[in-house]
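Here you get one chain, nothing else, as structure tokens; it is the form predicted on its own.
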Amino acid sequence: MHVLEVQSLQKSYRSSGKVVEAVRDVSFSISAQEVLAFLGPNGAGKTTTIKMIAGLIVPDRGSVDIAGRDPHRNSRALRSLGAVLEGNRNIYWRLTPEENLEYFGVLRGLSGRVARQRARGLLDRFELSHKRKTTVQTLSRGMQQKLAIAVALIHEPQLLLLDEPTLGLDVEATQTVKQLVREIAQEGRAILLTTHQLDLAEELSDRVAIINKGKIVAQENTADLIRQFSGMVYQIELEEEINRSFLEVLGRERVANLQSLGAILDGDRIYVRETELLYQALEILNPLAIARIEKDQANLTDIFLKFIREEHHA
């Protein structure tokens, strides 16, 4: 079942007497336990789309469905939504973590008793109990971000919007937040992740949707997308550099056999295409010491830039 379903969203604005199409026929969905990375350059239409999902902007056309409800026609739909905004904008800095959780819990429709109970549980889970009486503005950036996620979860929403969840965090805090995101998804929530940190999107997402100039230009399972753009070239790195003495040890016949496979010899590396040819090359190289073998692998940054540049030149 889809927790979020976006169908044919469109939104236009007037600017300097001209009509600007901010979002053009955008459609996607997210299921429970799924993380969708919603990616695009600045001005691509991400923020406008997210505001329509959150009920903050009314679309010109199209629909949004959150757990079976339209946020533009039924405000109860927003009870199934939690959001973590860039810069921790969903928490009050002059309140304590405990006060933030209880306040937002009641604001989201919980009774005071249930809000306090859930606040204690979230403080324990996010390892913030020892800071529960400390004002937020004195907490570390990592603690603030953990609290922001806890606040978004206080009413146990089915859909979580995450905007730049690790921006500005140190390595340890980043790893903590990434682990929390994985756990939250595994608990059955759908997560819409927006970030310019494409390595984060690659690591956390199940699927990717790339938006540019207001329209979706790619939407695919993350692993499948990377596989499609990855090559079939294998790099064999030897412990000894390929020089004249090396070639003498290897022998002219074996060098010729490698070259007949289409292998390229360069420095301490040998490049071959296709898995079958890799194994043939390894047989020829036996018993030479091999440091490592790598396959040419695309990453989400390369793929993202390819789509954006193609659209730019289209």
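Predicted model only: the values in this text are computed from it and were never measured. Definition used throughout: the rigid core is the maximal C-alpha set that superposes within 1.5 Å between two forms. Numbering starts at 1 and runs along the sequence shown.
Just so it is clear, the following notes concern the form predicted together with a small molecule, a form of the same protein that is not shown.
Student: Can you tell me whether Val20 touches the small molecule? I mean in the model of the complex, with a 4.5 angstroms heavy atom cut-off.
Tutor: Residue-level check for Val20: yes, a contact with the small molecule.
Student: If you check in the model of the complex, is Ala44 within 4.5 Å of the small molecule, heavy atoms only?
Tutor: Residue-level check for Ala44: yes, a contact with the small molecule.
Student: Hey, in the model of the complex, does Glu86 get a heavy atom within 4.5 angstroms of the small molecule?
Tutor: Close contact exists here: in the model of the complex, Glu86 approaches the small molecule to within 4.5 Å, heavy atoms only.
Student: Quick check on Glu164: any heavy atom within 4.5 Å of the small molecule in the model of the complex?
Tutor: Yes.
Student: Considering the small molecule in the model of the complex, find the one stretch among 35 to 43, 277 to 285, 65 to 73, 256 to 264 with heavy atoms no farther than 4.5 Å from it.
Tutor: Answer to the contact question: 35 to 43.
Student: Only one of His196, Arg227, Lys133, Arg141 gets a heavy atom within 4.5 Å of the small molecule in the model of the complex. Which one?
Tutor: Of the candidates His196, Arg227, Lys133, Arg141, His196 is the one lying within 4.5 Å of the small molecule in the model of the complex.
Student: Aligning on the rigid core, do we see the C-alpha of Val20 shift 2 angstroms or more between the shown form and the other one?
Tutor: Shift at Val20: 2 Å or more after core fit.
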